[in-house]
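Below you will find one chain, with nothing else, as structure tokens; this is the form predicted alone, and questions on how it binds or moves follow later.
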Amino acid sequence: MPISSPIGHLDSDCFYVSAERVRFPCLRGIPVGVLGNQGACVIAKSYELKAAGVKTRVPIWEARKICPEAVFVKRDFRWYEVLSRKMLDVLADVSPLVEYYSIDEMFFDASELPRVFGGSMREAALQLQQRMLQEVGVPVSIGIGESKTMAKLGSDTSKPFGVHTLHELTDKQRFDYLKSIPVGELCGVGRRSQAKLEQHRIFNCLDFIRADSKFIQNLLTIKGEALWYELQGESINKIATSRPPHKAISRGGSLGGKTAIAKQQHAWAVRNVERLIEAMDFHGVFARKFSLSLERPNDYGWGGHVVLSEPTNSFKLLCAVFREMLDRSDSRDKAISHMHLIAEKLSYRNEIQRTLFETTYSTHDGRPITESPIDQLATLKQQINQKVGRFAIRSGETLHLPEIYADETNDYDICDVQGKMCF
């Protein structure tokens, strides 16, 4: 097997619950669930709650029936980000390269661990695990291997609070280990890919690497071939210390239930437009293509898009664009449970020539929507919100969602945590 610089993967155990237990120690040792938008569904659970039979996305009223003694708290992504950044600081102190993969997962160059902590790689990883627990208060699992794929497999299979140093295995130990991992456990192999592989009698990771690499490429594209090499111990996907430029920016998610009321659906669209523009402003981009995706409970979804003649971030124009798409989505009198707004065909603002004149977008029914080169009201709203607080000033159309803005947990979402490689 090829030898390369060891890569580590650190994954927090039940991160949202663990973060709540840092500030509320009374939650330790009991079943705990973290609730999502409007406290409707369980988005994270402790091992105790999982053992009781509660699954992710179960409504709170069902979870209470399954586990009456459980404690449920609303999510607080601002607090979770504080601990996440602290974890990054600890890793940066012991590793020359750290990748902020997600709010609770980091890849890192593990080559310096034995020097920093002393002892073998495994002993050093155990000391890092203890340091993270002592300084941050969050239990983590750590995997170390020759590639990111192997490192992540190591942390996944060592949970909870375990350490796997896969790069130190003998060939026989490695083959036995890969044979024990179903191919569907590989990061990047979804249900459809798993089904394709199983049709060709590839059921575990050992079957996967024993297949021909070109066959895997034909079956799962070049991404599948990269996984094949990574499982062989060749590092294809390097540690990225900064996030590459976005190809698309999206905002939205669960509505915390469902609604068939047109005014509420429009209000959700406007709320997400404000969030989308906020994200575009943060990254300094305009967009030309805008897509809307809707999900309905126990029904098919709907998707549509509009491509504009010029890139924009105009609040007035985007509200009209998404409102029109919503109106022609045949969603009237039909309940919606999820809504996603996506901006694509991005352009950096300092790389495009803006017009000095008004531009017009014609809606589906022929109504013209005029965009001014400088939206003074939107600019003023942005300036005030930056000083006073997020959503201090917002569109009047969002008044149909009073419970959302009254609940502080809705002020900050997981997608507002910047710098992560995913989500």
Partner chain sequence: MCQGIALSQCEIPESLIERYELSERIIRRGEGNIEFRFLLAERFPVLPLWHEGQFLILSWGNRNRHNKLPVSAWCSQESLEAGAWHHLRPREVFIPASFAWDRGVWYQVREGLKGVVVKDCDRKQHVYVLTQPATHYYEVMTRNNREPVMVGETI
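No experiment lies behind these values; they were computed from the predicted model shown. In this text, rigid core is short for the largest set of C-alphas that superpose within 1.5 Å between two forms. Positions refer to the first chain, counted from 1.
Below, we refer to the form predicted together with its partner chain, which is not included among the displayed structures.
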With the partner absent here, would Pro182, Cys205 and Lys223 each sit within 4.5 Å of its partner chain in the predicted complex, counting heavy atoms only?
no
Only one of Ala44, Ile60, Ala378, Ala52 gets a heavy atom within 4.5 Å of its partner chain in the predicted complex. Which one?
Ile60
Which residue, Gly304, Gly301, Gly257, Pro96, has a heavy atom that falls within 4.5 Å of its partner chain in the predicted complex?
Gly257
Any chance Leu91 has a heavy atom within 4.5 Å of its partner chain in the predicted complex?
no
Going by a heavy atom distance of 4.5 Å, is Arg251 a contact of its partner chain in the predicted complex?
no
Can you tell me whether Ile30 touches its partner chain? I mean in the predicted complex, with a 4.5 angstroms heavy atom cut-off.
yes
Is there a heavy atom of Glu324 no more than 4.5 Å from a heavy atom of its partner chain in the predicted complex?
no
Want to guess which of 334-342, 170-178, 72-80, 195-203 is within 4.5 Å of its partner chain in the predicted complex, heavy atoms only?
72-80
Can you list, in sequence order, the residues from 186-210 that come within 4.5 Å of its partner chain in the predicted complex, counting heavy atoms only?
none
Align on the rigid core first; then say whether the Cα of Ile404 has moved by at least 2 Å between this form and the one not shown.
yes
Once the core is aligned, please say if the CA of His246 is shifted by at least 2 angstroms between this form and the one not shown.
no
Taking the rigid core as the reference frame, tell me whether His338 has a CA displacement of 2 angstroms or more between this form and the one not shown.
yes
